[in-house]
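In the form predicted on its own, a lone chain appears below as structure tokens.
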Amino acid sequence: MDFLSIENLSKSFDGVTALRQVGLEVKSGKIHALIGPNGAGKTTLFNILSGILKPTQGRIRFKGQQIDALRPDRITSLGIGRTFQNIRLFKSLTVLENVMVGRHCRTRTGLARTFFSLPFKKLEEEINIRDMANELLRFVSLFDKKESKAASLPYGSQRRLEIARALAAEPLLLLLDEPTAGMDTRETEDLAALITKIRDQGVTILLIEHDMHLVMGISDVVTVLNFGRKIAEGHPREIQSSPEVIEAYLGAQE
């Protein structure tokens, strides 16, 4: 059974085609990068995968189940988590509370019903959620900041917090949308190490990223989009030497 299979995926907006019959296979346990110039359709593909958008055409199967018509919360419950290009934290909540919010899709009661359940059940789930959130903050090296407001964190730490919140839902597949955008070299290196560590914990990664040094350094497979079409796919070494890719993307960065 394929882990994630995307077949003939197309998406149009008012006559403008953002994706054109894209096919993609993501293997379990891999870091799979999705690259291409701005406007190539990468984030549109992520938005369809996570249920924010519905495709105009095509099919997506995750662990054998068709998911392209499902709501975002259902897709999350099946094991697909994501972060966004623009950080979406609850800035007024603490670091710990942000991660705890990400965990509620895996609780018996859910976020809203927690407030109306029996006191002992609320207490038990609260303890379990808090324990997991603390462990995730240790994992992303933010435990010492757990009582700080999310808004007070440096930019790179906010990125790591968003990843921790996504991990709280125990995803099998994690979609990372430009996680190193705006970071300096040291922050980027630290995040690359974290992404690899997440993969080593058994979470498959699908990554949109413009930092080619990071992509070529940690990816098992690279897929290239240009004007909504897939133009290349393969090992990083193959992608680096592809004339079409160099012309469409890598060369555009010089």
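Residue indices: 1-based, along the sequence shown. All figures in this text were calculated on a predicted structure; none of them were measured in a lab.
Keep in mind that the form predicted together with a small molecule is not shown, yet the notes after this line are about it.
- Comment: the small molecule is not present in this chain, but in the model of the complex one of Ser219, Thr223, Thr204, Thr44 has a heavy atom within 4.5 Å of it, namely Thr44.
- A heavy atom within 4.5 Å of the small molecule in the model of the complex is found for one listed residue only; from Arg229, Lys63, Arg199, His210, this is His210.
- Residues within 4.5 angstroms of the small molecule in the model of the complex, judged by any non-hydrogen atom, belong to 36 to 44 and to none of the other stretches in 190 to 198, 36 to 44, 23 to 31, 66 to 74.
- Remark: Val245 does not count among the residues lining the small molecule in the model of the complex, judged by a heavy atom distance of 4.5 Å or less.
- For the chain shown alone, Ile239 is not a contact residue for the small molecule in the model of the complex, no non-hydrogen atom being within 4.5 angstroms.
- Taking non-hydrogen atoms only, Gln85 approaches the small molecule to within 4.5 angstroms in the model of the complex.
- Although the partner is absent from this view, Glu178 contacts the small molecule in the model of the complex, with a non-hydrogen atom inside 4.5 angstroms.
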